[in-house]
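The chain below stands alone and is given as structure tokens, in the form predicted on its own.
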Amino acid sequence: MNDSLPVIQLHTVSKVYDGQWALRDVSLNVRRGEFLTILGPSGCGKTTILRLIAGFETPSAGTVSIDGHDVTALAPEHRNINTVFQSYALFPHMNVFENVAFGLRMKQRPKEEIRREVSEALRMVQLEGFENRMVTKLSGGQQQRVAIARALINRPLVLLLDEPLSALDYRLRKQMQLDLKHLQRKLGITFILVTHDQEEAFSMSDRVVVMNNGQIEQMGTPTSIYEEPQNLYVARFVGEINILEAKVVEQSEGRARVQVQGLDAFMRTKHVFAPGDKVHILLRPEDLRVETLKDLAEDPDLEDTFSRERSLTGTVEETIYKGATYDVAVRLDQGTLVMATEFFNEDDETVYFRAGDRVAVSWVEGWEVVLPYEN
């Protein structure tokens, strides 16, 4: 086993169903022992990738390799890979012990070994004492744990997870996210998760692959995906975002001088632009600072934390309560609506801003993302 070799490699893989592209020229390396999540909306091709890795589908073009070996034409049962499905696919006529032991019984392992391995698998998923319980009498979260134990008992090289948490309620889903992450760290097995839930992907993964229309839009750490989206699709899919149209005036190394909503300011960028190029400025709501024009005029100390050099004026349209935070919707004087996230003052349970307030919106240089213009 070569630990430096990717455990899974997809090389220019395409898949066509009834003349329609499900995947088009997808290449992906999955590192040994990592938790990788494939993120995207329904129909983007993420489950097709999982099925190609598992061997349930054969690519129309390209190759699939596992542990350095081409397995493109290899049957699923010969791939040392297990899958946990959204439906769990448990045997309803069997109890917990027999469900988990099924794979070992098929391999005709000794009874004592089966008993020992099942006990260990159930301990890992915190289901000790449930051996004789029928799976139909278990909760959704418990059934999911049985499915995971059954998949892990064979010590697969890779565990595939096809939206396994989508049927659970919010609180249980959050707990299972933590449990899965801790289990993966403990076992060191490569996990590949498919989900449409951005928060789930970010909370569990070492790396995230964002997909759209059968192609990879971006891959990287959760932080890099969120803070440095490579295009508008990724920016919009992985969280709330403010998008402002702007024009480049000039560019120096690593910075561009742009005109946006009446503001003329330098902004950091990795892209190269020419004077006159149209661009998009991306700002997350939590990166914006809002102050009333009245307070800015009356409190000189605000100058220390509020940048007039990169501020846009507007009028508050509404505030939206979100628990620990609230959003302030500001209609800029040039007509664009932006959202800023504010934290509640613990000493004052009321929101600070009111509809009709005249405000300025600012941010720290470098917190913006400058992208080429997209129609």
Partner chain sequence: MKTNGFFKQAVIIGSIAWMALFAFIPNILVGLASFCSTSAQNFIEPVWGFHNYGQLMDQAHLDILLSSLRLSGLVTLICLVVAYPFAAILARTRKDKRNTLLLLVIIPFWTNSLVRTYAMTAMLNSSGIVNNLLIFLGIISEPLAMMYTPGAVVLGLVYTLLPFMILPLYAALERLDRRYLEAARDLGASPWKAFWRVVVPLTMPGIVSGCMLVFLPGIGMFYVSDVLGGARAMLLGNFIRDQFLSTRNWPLGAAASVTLTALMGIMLLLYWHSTRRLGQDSAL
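Please read all numbers here as calculations on a predicted model, not as lab measurements. Positions refer to the first chain, counted from 1.
The protein also exists as the form predicted together with the partner chain; that form is not presented, and the subsequent description refers to it.
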Find out whether any non-hydrogen atom of residue 233 is located within 4.5 angstroms of the partner chain in the model of the complex, and reply yes or no.
no
message = Against the partner chain in the model of the complex, would residue 332 count as a contact residue? Criterion: heavy atoms within 4.5 Å.
response = no
In the model of the complex, does residue 212 come within 4.5 Å of the partner chain, counting heavy atoms only? no
- Tell me, yes or no, whether residue 154 is in contact with the partner chain in the model of the complex, where a contact means a heavy atom of each within 4.5 Å. yes
For the partner chain in the model of the complex, the stretch among 89-97, 220-228, 249-257, 171-179 with residues bearing a heavy atom within 4.5 Å is 89-97
From 112, 301, 298, 77: within 4.5 Å of the partner chain in the model of the complex by heavy atoms is 77
Assert contact residue (the partner chain, in the model of the complex, non-hydrogen atom within 4.5 Å, options 103, 239, 141, 285) equals 103
Applying a 4.5 angstroms cut-off on non-hydrogen atoms, the residues of 44-60 near the partner chain in the model of the complex are 51, 54, 56
